[in-house]
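We begin with a single chain expressed as structure tokens, specifically the form predicted alone.
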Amino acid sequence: MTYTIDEWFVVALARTIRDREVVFHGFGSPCAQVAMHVARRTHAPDMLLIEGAMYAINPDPPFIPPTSNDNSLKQGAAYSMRFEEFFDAASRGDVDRMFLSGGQIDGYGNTNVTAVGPLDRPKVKLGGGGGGCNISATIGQLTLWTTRHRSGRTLVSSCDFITDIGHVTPAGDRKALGYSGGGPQWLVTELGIFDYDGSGIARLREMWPDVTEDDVRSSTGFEFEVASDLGTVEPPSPAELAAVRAIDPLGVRRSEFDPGELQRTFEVALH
């Protein structure tokens, strides 16, 4: 059986979710969206899944549609939260995990989805945080992701603007700022998987088998730590691959990847 990097990437994202967690993703986040449903169908059947734009709790859609505000994403839901209900829950600390990405991500896990370049004359105007700044300060753990690590423009030494809060900002760390949330726990990219140690700096834990440490360093704008037991990302199981393909037959997850990355294929080892 062969599989592609987008399938393996989604599985890696799904594995950052623990069973019984309350988990949320934001607007326009197909990889995270698919990953949440994969986790619920595999190792985390008792998680509480909150669908991004619809705020539907534990829905059972037939497939993931191309847009995150499709009414089909409410199908089978136990309840649909109001916007303010979700933000109240997040501010109380009742949401365990949120997925966040960004046009820029620094070594402390701060993300920028506001603008690249100076704010008065930005080179690129991004979509904005949609309240992510507030809830990134209070949610239990954050899983960050990007599929554009190899570009060299995404993992940067400092963000031009901090939209969502990492472990340390120019204004201070989370403790000094009084934020109750735990901050970034994982960063998953198409080159490797990072965690964050006590210093709040990204630490490379695993790489994909067709990637070298030099590949990661040459594409990263900050100095990162390397785990003493640096290894290879665990391959997806047949059940995990089946879950990805069942929930995302349209392949909406693939829209996040550069076409060249989608040529990366792998084989399930037979024992």
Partner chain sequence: MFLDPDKRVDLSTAAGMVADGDVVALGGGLSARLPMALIREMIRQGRRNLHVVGSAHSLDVDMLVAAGAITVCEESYVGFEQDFGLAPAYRRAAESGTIQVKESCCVTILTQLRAAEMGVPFLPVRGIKGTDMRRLHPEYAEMTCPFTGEVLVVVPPLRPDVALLHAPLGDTRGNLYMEQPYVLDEHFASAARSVVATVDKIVATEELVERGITIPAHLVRGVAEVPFGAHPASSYPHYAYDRSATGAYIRAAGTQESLESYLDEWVRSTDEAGYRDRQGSAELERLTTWSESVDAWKGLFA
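Bear in mind that the values here come from a model prediction, so they are computed numbers and not experimental data. Positions refer to the first chain, counted from 1.
As for the form predicted together with its partner chain, it is not shown, yet the points below apply to it.
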Just to confirm, Arg153 within 4.5 Å of its partner chain in the model of the complex by heavy atoms? no
Does Met54 make contact with its partner chain in the model of the complex, using a 4.5 Å heavy atom cut-off? yes
Indicate whether its partner chain has at least one heavy atom within 4.5 Å of a heavy atom of Pro209 in the model of the complex. no
4.5 angstroms heavy atom contact with its partner chain in the model of the complex for Glu256: yes
Candidate stretches 236 to 244, 211 to 219, 40 to 48, 198 to 206 - the one whose heavy atoms come within 4.5 Å of its partner chain in the model of the complex: 40 to 48
Check, residue by residue, if Thr138, Ile165 and Ala171 all come within 4.5 Å of its partner chain in the model of the complex, counting heavy atoms only. yes
Those residues of 62 to 89 with a non-hydrogen atom no more than 4.5 Å from its partner chain in the model of the complex are Pro62, Phe63, Pro65, Pro66, Thr67, Ser68, Asn69, Asp70, Asn71, Ser72, Lys74, Gln75, Ala78, Tyr79, Ser80, Met81, Arg82, Phe83, Glu84, Glu85, Phe87, Asp88, Ala89
